[in-house]
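Single chain ahead, written as structure tokens, the form predicted on its own.
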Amino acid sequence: MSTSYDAVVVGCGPAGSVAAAELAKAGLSVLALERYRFPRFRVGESLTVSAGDLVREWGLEAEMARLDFPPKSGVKVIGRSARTEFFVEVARPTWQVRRAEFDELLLNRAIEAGVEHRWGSVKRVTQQGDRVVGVGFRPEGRKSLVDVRAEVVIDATGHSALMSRQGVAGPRQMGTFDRQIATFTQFTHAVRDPGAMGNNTFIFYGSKYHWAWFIPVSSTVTSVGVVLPTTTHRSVASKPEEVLAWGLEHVNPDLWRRVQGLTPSEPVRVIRNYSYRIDPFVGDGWLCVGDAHRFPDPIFSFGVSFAMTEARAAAEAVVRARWTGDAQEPFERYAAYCSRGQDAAMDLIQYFWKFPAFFSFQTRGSTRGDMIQLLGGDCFGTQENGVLDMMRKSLREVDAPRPAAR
């Protein structure tokens, strides 16, 4: 292993592998570091259109089929007590994935593109003044650190948020949906809709901030998760298995119908307080990608797709900075690009929770095209989106201070 690179990417999930591969394709020397051996479990199995586009661009369709990743044509939302539902198709086909295999697929493609990869953990971000110049890396099986120098360090460590923990990026600020807990597992032979509709993402609405996901991740296995406010989670049970069982039975009767009598085929896992943002998330010689700087809420499965979208933008910013000799402008443009997309997603999610009936209405008629664009993960564009503008106006009005009563 060399001790000097054009770029070091920390974390080899979708964000890290995509950023590393794009940099290597541009001719940069890239070292990608990952702490956990692959394959390893990760939640976040549904890809939006933007991620599907990259999969096709990389020529991975045959691999997706070989791995039995179900093709996804849309998202169905089942309303309270299963009395209503609506479906939003995707603009272009995409996939549901098992992250263990999908992440490994992307990492292997990055290595094929010329990325150097090592297992181990980053223990230190190295700085000279305010500039990041590398990392202190402990290779797997060794006790001593290796000092690796780089022109730029990309934090793609997801929820671990390396740059924030090291005090380089801003502190983690808990978001609007931080007081929620996701409890999830997988089931074999859960009841799906017939035909191709059975491959789609289902969202089960219970009541405000009480919901569940149902995502087919192979021809036989389905990822199922229940999301509850902390207060509800604590009141129903103490063990994750008991919380999940309660949620499956009580959030929505149609969800219960699909899993009743089944035993989880995977351990029951829990993620707490997952909504957050970190700012600033770019600086001299470094930047953060995807969950390493922001995660709004998992309800519309934006996480993986946003990570991949931002990874490409990060690589473009690094390449532009390298060839122009000016890092400030490309990095600031990257930060603005990420904030625009993440803000749009947050407003969409908040509108869903504050105006669920109107949200359903917006998926029909003249605004349907705008909704398909947003729910497909296309939140980063500069073009106007009429339904998003309308949602933001409604959110401002409902959040505006009320005149004092006379």
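A residue's number is simply how far along the shown sequence it sits, counting from 1. Treat the numbers as computed from the prediction; the structure is a model and nothing was measured.
This protein has a second form, the form predicted together with a small molecule, left out of what is shown; the following refers to that one.
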Candidate stretches 282 to 290, 235 to 243, 139 to 147, 249 to 257, one within 4.5 Å of the small molecule in the predicted complex by heavy atom: 282 to 290
Touches the small molecule in the predicted complex: residue 204 (any heavy atom, 4.5 Å): no
Proximity of residue 99 to the small molecule in the predicted complex, heavy atoms at 4.5 Å: yes
4.5 Å heavy atom contact, residue 15 to the small molecule in the predicted complex: yes
Partner proximity in the predicted complex: residue 182 to the small molecule, non-hydrogen atom cutoff 4.5 Å: yes
Sole residue of 177, 295, 334, 187 within 4.5 Å of the small molecule in the predicted complex, by heavy atom: 295
In the predicted complex, the residue from 56, 354, 35, 340 that sits within 4.5 Å of the small molecule by heavy atoms: 35
